[in-house]
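Single chain ahead, by itself, as structure tokens, in the form predicted alone.
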Amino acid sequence: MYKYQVISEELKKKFTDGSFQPGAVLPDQEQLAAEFGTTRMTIRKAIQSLIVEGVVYTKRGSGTFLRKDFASKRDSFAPLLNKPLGATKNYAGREVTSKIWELDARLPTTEEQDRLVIGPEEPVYVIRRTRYIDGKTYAYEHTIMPTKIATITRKVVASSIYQYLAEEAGIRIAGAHRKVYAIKATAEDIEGLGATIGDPVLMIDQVGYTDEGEPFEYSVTHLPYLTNAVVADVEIR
């Protein structure tokens, strides 16, 4: 994890432990740099990452502020369009658990070969699980991952796959191509989300890439409409 990422996580902890109230102004970058023993450029990157996550905002000449709706956002889930970091990372400090429906290996379908740029004889993992945040249903995930990427066990699937890839397998995740749209709940969603047939479901279709440009996962994630929203802050330069 880069220094600016560590700082952004530490700041989020301060936002939730009562050190800052929603709407409060943050110390200036010089003060934060001194507090964290780093440079203003690193602090600037940490603040920019928090802006992208919708945690803080800036006013020219006035400073950086914790969003007034930050507390209410913690009661809902907002998958970010541009940060495929996984639930454990995106919701640091909250209880993230999993129910595993399937962990198997097989040869890839034609579509999976195309999406992952692999051959027909290269086996893939099939991972299906439901993710919970603070005991509430967050998402039902169906993930296809080449077995050559890393050895995936039930213990890994029960916790954080992304964290395991980064810390144990040495995989550096660079980003992902995502499509987000709405569908009607399927039979699988009854099991995975506790949804009712016909309910609207938010769907994220994603291919994740390592920093070497290699696809490492093809996933389809379904999210219940009552507790989810997609957030994207657009910066105009």
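The numbering used is simple: start at 1 and walk along the sequence shown. Not measured: the values here are computed from a predicted model.
Heads up, the form predicted together with the DNA isn't pictured, but that's what we're talking about next.
- The DNA is not drawn, but in the predicted complex it has a heavy atom within 4.5 Å of Gln29.
- In the predicted complex, the DNA sits within 4.5 Å of a heavy atom belonging to Met41.
- Proximity of Lys59 to the DNA in the predicted complex: non-hydrogen atoms within 4.5 Å are present.
- The DNA in the predicted complex is approached by Thr64, whose closest heavy atom lies within 4.5 angstroms of it.
- Every residue in the set Tyr4, Gly37 and Lys45 has a non-hydrogen atom no more than 4.5 Å from the DNA in the predicted complex.
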